[in-house]
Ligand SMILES: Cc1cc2nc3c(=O)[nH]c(=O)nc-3n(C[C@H](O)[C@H](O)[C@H](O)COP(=O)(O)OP(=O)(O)OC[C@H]3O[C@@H](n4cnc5c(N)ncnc54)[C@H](O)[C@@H]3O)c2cc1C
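As a starting point, one isolated chain is supplied in structure tokens, in the form predicted alone.
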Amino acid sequence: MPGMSYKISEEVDFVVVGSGAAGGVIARELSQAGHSVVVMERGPHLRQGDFHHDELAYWFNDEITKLESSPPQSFRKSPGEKASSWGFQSMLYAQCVGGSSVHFTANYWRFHPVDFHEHSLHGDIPGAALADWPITYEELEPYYTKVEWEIGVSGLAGAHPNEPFRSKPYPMPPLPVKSSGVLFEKGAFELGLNPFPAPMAINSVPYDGRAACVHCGFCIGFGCEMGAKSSTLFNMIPQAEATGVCEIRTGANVVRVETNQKGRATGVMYYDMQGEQHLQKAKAVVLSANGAETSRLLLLSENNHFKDGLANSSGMVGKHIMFNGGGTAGAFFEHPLNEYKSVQVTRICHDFYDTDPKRGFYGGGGIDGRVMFGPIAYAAFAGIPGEPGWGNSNKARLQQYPNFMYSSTHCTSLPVETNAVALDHENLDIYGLPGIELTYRDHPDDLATTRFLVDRAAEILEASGANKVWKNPVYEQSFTAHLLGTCRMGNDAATSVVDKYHRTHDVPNLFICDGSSLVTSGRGQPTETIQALAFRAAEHISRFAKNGEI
């Protein structure tokens, strides 16, 4: 019975805050297990027909990434600086049902076994807080498989010699190779590398009642009007609603997790679209609002029992935010590639995935071939280093758009304690509550890794036969769509926020599962891991509830 609506005064089993990659999965799993669930979502519930091909609307006018009720953001590079707020969003995420799974590029890389125990391998790294996960790849592997089959991922199992163990192949064949994929593959093979078909959360064939990709070219930053992109908007959310016990409550801006005298969560306080405040009662609360919003909500929930914010006895809430590093090399080719069509990525390379001590720094990652920008964004952002953004050379650059491609790199980010999300008491939202202050500076090893991979990306383009190749400068980052590590999991309550089952150490009926749970950043594409963690967390949370352990 889709469209379930609970009375605001009615206590439900679970409130889930956020409907994105993690929240959508948890809502479906808990509701299919028979628990009553209310999903709180700040943004609207858009449908396939609501999405369109308007580059200005999505890339420049923040159509699905900013609401009037969104908290303002400010940014600084170090704790000693004053944060600046100029209307620019350092942290970019969609605010609608499905969250950022609506507008993501849909790269779906599994983490490798090494990602879960790098501290044991490499030890302490000066200036960072590298730690091992409390779980292993082997523990998470069945849930990676569940993601691929339940969410819908296209790819080719066994295509890379260093691929980690998998218990099943992908449910769909890889998407058709694009010009960028053919050229990327050619250059990588020339260098003795091992390119392979990119695993993507986009249907290459009709799957689970959803259409196959029509190769329109509007993936990155856009919602999919075909439903071919495997967003929770199109799979998990409808299935959760179909149980008849799950309500998706939109226009619900959660501002506080309420607790009782025993220190247990009793529900969430939120503002509706009319600006009226309500308490939704629940036996347990799951936060899946993303690495920035989840941390803000915990800090806003301070009270006499939790003076430093909810679940923050360790002082780790908001700390260790990781962006994932990344850079690009660009190229023009003799013939038109017309890369603005179809999905972003069809071939990738993981030959530099692991940290190699011979490089002299920690870090690794992957490289792919893509276009990145539509024509308007290309004109605005894809300049060539050393060439002016005006005059004849710029006109020539604009004319070369059909012949253009990038080789893009996706890298590790080290967890640094001073890289953090905090409350900004000088920039208030429409309810008079503090916005989000972000402090972030890349660790030197992150910048070294990015430069190393950009050099390799340029070599691949050179070997592919490009007419012209350039490397874009690697700068310290001030912008990200990846918000990882701010409520890291761990066995020690003194150094982490949640345990290996995503239960907060301080509040037994409060759970956190989103990018904030990650201990390390992986190699640039975290969404499949976030969803694998969500499937695993939901299984344990449901078991706890049924056994009376919440």
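All residue numbers refer to positions in the sequence shown, first residue = 1. Just so you know, these numbers come straight off a predicted model, no measurement behind them.
Although it is not shown, the form predicted in complex with the named molecule is what the next lines describe.
Proximity to the named molecule in the predicted bound form, taken as a non-hydrogen atom within 4.5 angstroms, holds for one residue of N253, N235, T450, S464, which is N253.
Listed residues Q95, Q239, S313, T145 were compared with the named molecule in the predicted bound form; Q95 is the one with a heavy atom within 4.5 Å. Look at 514 to 522, 499 to 507, 485 to 493, 29 to 37: in the predicted bound form, residues with non-hydrogen atoms within 4.5 angstroms of the named molecule sit in 514 to 522. Contact check at 4.5 Å (heavy atoms) against the named molecule in the predicted bound form: none of G155, G181 and L337 pass. Contact between L533 and the named molecule in the predicted bound form is not found at the 4.5 Å heavy atom cutoff.
Mapping the unseen interface onto this chain, A21 counts among the residues with a heavy atom inside 4.5 Å of the named molecule in the predicted bound form. Although the partner is absent from this view, G325 stays clear of the named molecule in the predicted bound form, with no non-hydrogen atom inside 4.5 angstroms. Contact check for E293: a heavy atom falls within 4.5 Å of the named molecule in the predicted bound form.
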